[in-house]
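The chain below stands alone and is given as structure tokens, in the form predicted alone.
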Amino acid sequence: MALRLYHFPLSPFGRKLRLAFFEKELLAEIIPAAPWEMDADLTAMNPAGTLPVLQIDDKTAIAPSSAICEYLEEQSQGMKLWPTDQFARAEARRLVAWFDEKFHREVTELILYEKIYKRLKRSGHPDTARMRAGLHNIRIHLDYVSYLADRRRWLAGEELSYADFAAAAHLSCIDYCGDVPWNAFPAAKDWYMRLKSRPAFRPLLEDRVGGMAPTGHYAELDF
């Protein structure tokens, strides 16, 4: 049985993994699903009821995305996405947690969930106060990304890592909404353009959800 990755196309956690699969040249069936429409089979694979879920075989599945990253790193012989240096590896893990926890709480939930998820779920109108908070917070995070990008080749150091994929995955979802003020943060923009230009990013730029088109520059490699 081929690997199957169940994901929501506009989820940063699934996008982080899709980038890893491509860079590692791992074959997997990428299956779109909605986290608010988990069927019995998916819930059986992940009782937490969240996506993404990686199905290994008829009896084995892995979730959440952090556990899937570790599995991919241990099982694949391709490109390594945790740095070889132990301190850089610790830094990469710190930054993955930063984006998957802190950025997600302070930005993704306040913008993406309000603007996109609520509409798809038909669960009410966006909360403008939460959206304003997210738009304020993203500038703080972009300032930090700029700080890192100014001092390192990649966010965690000299090697491309899951830290870059986690950050780019979250930012790409917000960019779909047109809410990333790139021009105010040129160092962050240059870093993102380098990632956006990689072949691994192309499937993400082709994503469309719920008949909602992304902002005009979303799929343009040079903005």
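For every residue, the number given is its place in the sequence shown, counted from 1. Remember, predicted model here, so these are calculated numbers, not experimental data.
The same protein also exists as the form predicted in complex with a further copy of the same chain; that form is not shown, yet it is the one meant from here on.
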| field | The unique member of Glu29, Asp41, Glu70, Glu37 whose heavy atoms fall within 4.5 Å of a further copy of the same chain in the model of the complex | value | Glu70
| task | Only one of Gln77, Ser123, Gln86, Thr128 comes within 4.5 Å of a further copy of the same chain in the model of the complex by heavy atoms, so just point that one out. | result | Gln86
| query | Any idea which of 177 to 185, 47 to 55, 152 to 160, 193 to 201 reaches within 4.5 Å of a further copy of the same chain in the model of the complex, heavy atoms considered? | reply | 47 to 55
| field | Complete contact of Pro64, Ala90 and Arg94 with a further copy of the same chain in the model of the complex (any heavy atom, 4.5 Å) | value | yes
| query | Looking in the model of the complex, any heavy atom of Lys102 within 4.5 Å of a further copy of the same chain? | reply | yes
| field | Residue contact check: Trp98 to a further copy of the same chain in the model of the complex, 4.5 Å heavy atom | value | yes
| How about Tyr113: is it within 4.5 Å of a further copy of the same chain in the model of the complex, going by heavy atoms? | no
